[in-house]
Structures are given as C-alpha cells and as structure tokens.
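First, one chain by itself in structure tokens, the form predicted alone.
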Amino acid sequence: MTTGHNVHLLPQTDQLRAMHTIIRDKDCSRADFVFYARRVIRLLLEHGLNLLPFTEKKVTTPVGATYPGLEFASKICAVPVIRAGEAMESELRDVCPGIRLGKILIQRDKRTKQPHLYYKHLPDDIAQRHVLLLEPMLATAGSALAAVDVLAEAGVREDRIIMINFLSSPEGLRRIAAERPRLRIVTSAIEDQLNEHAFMIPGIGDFGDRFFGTIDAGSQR
C-alpha cells in the first residue's frame, strides 16, 4: 500500500488488527470501544511524538556514569478538533503531563456542505511550537484542511504540524498530499474507499458518538 512519505501508518501487527476488530464491530459495547480505542490512541501519540525533533542531552546516572541522551528540541502543544479530537486528550496528558492545549470547532454547513469555523482558542505562542493536531477521522479531508488553515493563519509552519488520526481514507490522504504536502499524518488504518455518501468503508461509525456514548453510531463522514 502506497501511503506517501508524509503518511506514517502504524505497523499493521496482529495485535493492532485485533483491537480494530473489536472497535469496528457494530455490537461492541461502549466500555470496550473506549478501552481499545484508547490503546490505539496511545500508540498513535507515541509514534507522533517520535517524529518531533530532538537534541542531545547528557545526564549523570546514579552510579556516576554519563548517559548520552536526548530531549525535545522545541516546545510542543496539541490542538484537538472538537469533539472527536477531545477523545485523545486523556492519553495525551498521560504521556505529556502539562502539555498546552488549544481548541478548534469546525462543523459542516448543512446547506453548502462546506466546513465552517465556529470557535478557536490557541496558545499565544503557538507559532513557535510544534503542533499535534488531534483529528480522529480523515474522510474527505475538508474539516482537517480547515483546521490546518486555522493553524497556518496563527503562524504555524506546515512542516511543524503532525496530525494524529485514527482512520484515513485514500481520497482524504491524496487531497492532503495535494494541498498540504508538508503536513505529516500518523494513522492506524487506511480504509478501502469512500462510498457515495462520503462514508469510510469498512469504517468505524461516528467516532465521537461511540466514544462519548451520546447516540447510537451511524456512518462516519
């Protein structure tokens, strides 16, 4: 499968496929969905953090030896796209305690079908940071690109944005590659296609609804 040099697909291990099997099942309980989705999210975040720049740092160990280690080379922050992106916050805080967070709310206009920005709140110094953009679903890529535009307008360089994504469609990835070629994406699965209603196939349903338990999940755009 060709993903492009800026698309980082998690290794498709048997364990990852087994977790996907559980959470994709329409009869999966919310408790199991949340538990296994969080496990996959942790893998995505760890992979995304590994793409950040590091510098050398030496420390002295308890036995008096020197360890030639590494530390993050720049400040980071995360920006969840409300609401599904907020499902990634708990795992992120577990691996990066104290990380600064922004928020973006983008919804599709029911009449025009175009993404519309309703709310944004970003760190004042976000232009000097590397940004983890938390957006679980990448179908048509319209909302994701709108979120990237918000970050770009705030001064964030495209190559400093890493999108942490649960599922991607081939169509969405191609659009990102064409319009934002320096954006990096970490995803756990690339779907077969979008159907005529722009739902991902085989899909997972509405990620936010299933994670937060708001309504019975339907197809995810």
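Residue indices: 1-based, along the sequence shown. Here the structure is a predicted model, which means the values were calculated and not measured.
One more form of this protein, predicted in complex with a small molecule, exists but is not displayed; see below.
*Asks:* Even though the small molecule is not shown here, does Gly142 get within 4.5 Å of it in the predicted complex, heavy atoms only?
*Replies:* Judged by the heavy-atom cut-off of 4.5 Å, Gly142 is in contact with the small molecule in the predicted complex.
*Asks:* Give a yes/no on whether Arg93 approaches the small molecule to within 4.5 Å in the predicted complex, heavy atoms considered.
*Replies:* No - in the predicted complex, heavy atoms of Arg93 and the small molecule never come within 4.5 Å of each other.
*Asks:* Is Leu138 near the small molecule? Define near as a heavy atom within 4.5 Å, in the predicted complex.
*Replies:* Taking the distances in the predicted complex, the answer for Leu138 is yes, it comes within 4.5 Å of the small molecule.
*Asks:* With a 4.5 Å heavy atom cut-off, would you call Gln107 a contact of the small molecule in the predicted complex?
*Replies:* Judged by the heavy-atom cut-off of 4.5 Å, Gln107 is in contact with the small molecule in the predicted complex.
*Asks:* Using a 4.5 Å heavy atom cut-off, which residue among Cys77, Ala87, Ile82, Val150 comes into contact with the small molecule in the predicted complex?
*Replies:* Only one option qualifies, and that one is Ile82.
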